[in-house]
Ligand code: RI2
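Only one chain is shown below, in structure tokens, and it's the form predicted alone.
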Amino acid sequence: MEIRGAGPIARAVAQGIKIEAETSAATSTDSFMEHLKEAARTLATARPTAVSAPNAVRFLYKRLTSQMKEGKELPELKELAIRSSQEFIEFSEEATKKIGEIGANRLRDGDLIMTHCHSSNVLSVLTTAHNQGKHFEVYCTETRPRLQGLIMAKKLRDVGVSTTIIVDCAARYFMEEFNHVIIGADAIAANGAVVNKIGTSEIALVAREARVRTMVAAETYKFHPGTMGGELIEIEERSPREVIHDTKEFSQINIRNPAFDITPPEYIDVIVTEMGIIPPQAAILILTEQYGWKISEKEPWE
């Protein structure tokens, strides 16, 4: 949890691959690729729900393996790994900026907006709209148990956005007053289902009941290729101490702490990506047409 958010995690993975390539003492292309594969395995599986981590590795390895097959020598492969890692980091940062610009165009003066958790893409949408001169108010849920919603609230306050904090379970109480719910994503399945911080699906359900539009702001590298073949996205379950600090006081009581939940595509109106706005049902097109991923593809770290 030193690095939070799927986008920053993806950039950290790319930076890790870059460092491994720069410091590798390999003397052959085979040993270099094996060295990177070991690093990629560790990086890609560090946070099981954040598909941005393995997708960053897939992005980099697709370039490396094609060049290796063409007979590139070790110095060229090392340079390609370093350059590709940096390009991915820059692409990721630019994607967040584009998402902010595209998403901001859907907001209007006087809008009341609810967010859940802290998302760099949602923050980009809101700060871009604010910089365009639009006046709106944002309600941030606390987002228990780690209270990431408070991080979002402070960042919005610091750029001048009118911000209110509410407890997570107050979402339904206020929902009918709102124009938009805007959330981020840690992963998006081929059918458009969105994996995000625990509590997201309840807020999206309440929004649907109240006829409030729900927007997801996410880069295309958060779309999960494994779900095309029926693979289920693993939901990370974290320490009980995040929920109750003194677990001894509650001995012999089970404490469950899933970090994420899954929001069905029918609860989502649009997904704002760096490529533009798509309906949730178009997620599979991103996977097959934009990235060219196939159901049977072997993972690069296997």
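This one's a predicted model, so the numbers in the text were calculated from it and none came from an experiment. The numbering used is simple: start at 1 and walk along the sequence shown.
Unshown form predicted together with the named molecule; subsequent notes refer to it.
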Check: So which of Met114, Leu126, Cys117, Ala204 gets a non-hydrogen atom within 4.5 Å of the named molecule in the predicted complex?
Finding: Cys117
Next item on the list: Pick the stretch from 72 to 80, 133 to 141, 189 to 197, 103 to 111 whose residues have a heavy atom within 4.5 Å of the named molecule in the predicted complex.
Entry: 189 to 197
Note to self: in the predicted complex, is there a heavy atom of the named molecule that lies within 4.5 Å of any heavy atom of Thr214, even though the partner is absent here?
What the structure shows: no
Check: Is the gap between Ala185 and the named molecule in the predicted complex 4.5 Å or less for some heavy atom pair?
Finding: yes
Check: Would Ile9 count as touching the named molecule in the predicted complex under a 4.5 Å heavy atom rule?
Finding: yes
Next item on the list: Tell me, yes or no, whether Arg58 is in contact with the named molecule in the predicted complex, where a contact means a heavy atom of each within 4.5 Å.
Entry: no
Notebook entry, point to check: Considering only 249 to 276, what residues come within 4.5 Å of the named molecule in the predicted complex, judged by heavy atoms?
Noted result: Phe260
